[in-house]
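A single chain comes next, written as structure tokens; it is the form predicted on its own.
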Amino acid sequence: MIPLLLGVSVVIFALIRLIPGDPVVIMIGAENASVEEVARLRRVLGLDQGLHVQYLRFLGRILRGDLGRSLASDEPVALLIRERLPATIELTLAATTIALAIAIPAGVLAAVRRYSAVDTASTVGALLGVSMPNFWLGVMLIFLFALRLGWLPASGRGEPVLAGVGSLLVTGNPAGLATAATHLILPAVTLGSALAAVVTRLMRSSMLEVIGQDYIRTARAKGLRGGRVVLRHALRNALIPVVTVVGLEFGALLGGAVITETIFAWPGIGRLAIRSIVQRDFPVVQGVVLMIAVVRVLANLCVDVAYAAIDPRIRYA
């Protein structure tokens, strides 16, 4: 993990410097940017030094937990990320939950009832989910459920789900939780649709491979009921490739669902990244991309550890 993250930090630092535009001029404003003021601010920010010196200073700050300060707002980058991260975590968990709740039963049923109407419907649904881009699906959901039917809000986060749950437990009033859920449904469905489609097809193919194994035929020959064989013996072994895909996709979603958060005005990491790119806010962009890289690497680690929990034949020395 350490060499990988070190390499990622080098790439991030180099690519950000290739973006056209002077961040100092952007901070001051082109109409107010005198030569003396630009030179002074470049010295203060250390931008007048060589790239290798800037990178070493950048790396040293990261090791101390300091991601720098925003050029646009002068706020600590770590604080900006910490403020936006809970919203992205909430959206990612909801999207993943919806995707798995749809995909695993659909994939298992499609495999058990191969070539049936259930299998055909699962295949068609998966193809539709993969084919529909998020920016189109999100707009269509807003048009139907927010504008035409008026059932759900079109944008915004509302109250955090955890706050709504706390309010329900303390006061017994479900209003806060209901508000949080209504704001969360449309972006979560939009974000989770593609993942649900991928996992459905993968679950089906993995189950078909497992139920053709000798130990499954042996279990059936011993008189075990079909549902018990599928759920207890086949499903667990079929989950290994699914866990791989879900773990990697979860890391990607947690890194920032840029399109979905932009469409629904969701105050998460994705919108922060877009705003920072537009403003040429180099420290924030660096911090966000580095956070995404860390999340992806940790997701890979969690997937590897989960293998041993799912399959008892896998052991790590």
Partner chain sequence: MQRLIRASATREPAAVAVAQEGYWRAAWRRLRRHRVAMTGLGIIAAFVALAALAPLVSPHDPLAIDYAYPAAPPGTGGHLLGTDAVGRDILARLIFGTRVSLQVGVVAVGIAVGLGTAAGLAAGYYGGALDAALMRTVDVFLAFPVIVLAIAIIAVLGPSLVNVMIALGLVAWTTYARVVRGQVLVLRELEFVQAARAMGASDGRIVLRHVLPNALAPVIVLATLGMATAIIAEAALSFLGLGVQPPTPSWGTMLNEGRGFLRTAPHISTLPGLAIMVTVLGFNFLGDGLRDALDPRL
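If you're wondering where the values come from, they're calculated on a predicted model, not measured in any experiment. Positions refer to the first chain, counted from 1.
Separately, the form predicted together with the partner chain exists; it is not shown, and the next lines address it.
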property: Three-residue site Ile104, Val161 and Asn237 fully in contact with the partner chain in the model of the complex at 4.5 Å by heavy atom; result: no
property: Contact label in the model of the complex: Ala221 to the partner chain, heavy atom within 4.5 Å; result: no
property: Distance check, Thr262 to the partner chain in the model of the complex, heavy atom within 4.5 Å; result: yes
property: Phe143, heavy atom within 4.5 angstroms of the partner chain in the model of the complex; result: yes
property: Close approach of Val284 to the partner chain in the model of the complex, 4.5 Å, heavy atom; result: no
property: Residue among Ile62, Val38, Val289, Leu47 with a heavy atom within 4.5 Å of the partner chain in the model of the complex; result: Val289
property: Single option in Ala178, Leu231, Leu128, Leu79 placed near the partner chain in the model of the complex, where near means a heavy atom within 4.5 Å; result: Leu128
property: One stretch from 183 to 191, 83 to 91, 117 to 125, 96 to 104 that, in the model of the complex, holds residues within 4.5 Å of the partner chain by heavy atom; result: 117 to 125
property: Residues of 267 to 306 having any heavy atom within 4.5 Å of the partner chain in the model of the complex, listed in sequence order; result: Ile274, Ile277, Phe282, Val285, Val289, Ile292, Ala293, Arg296, Val297
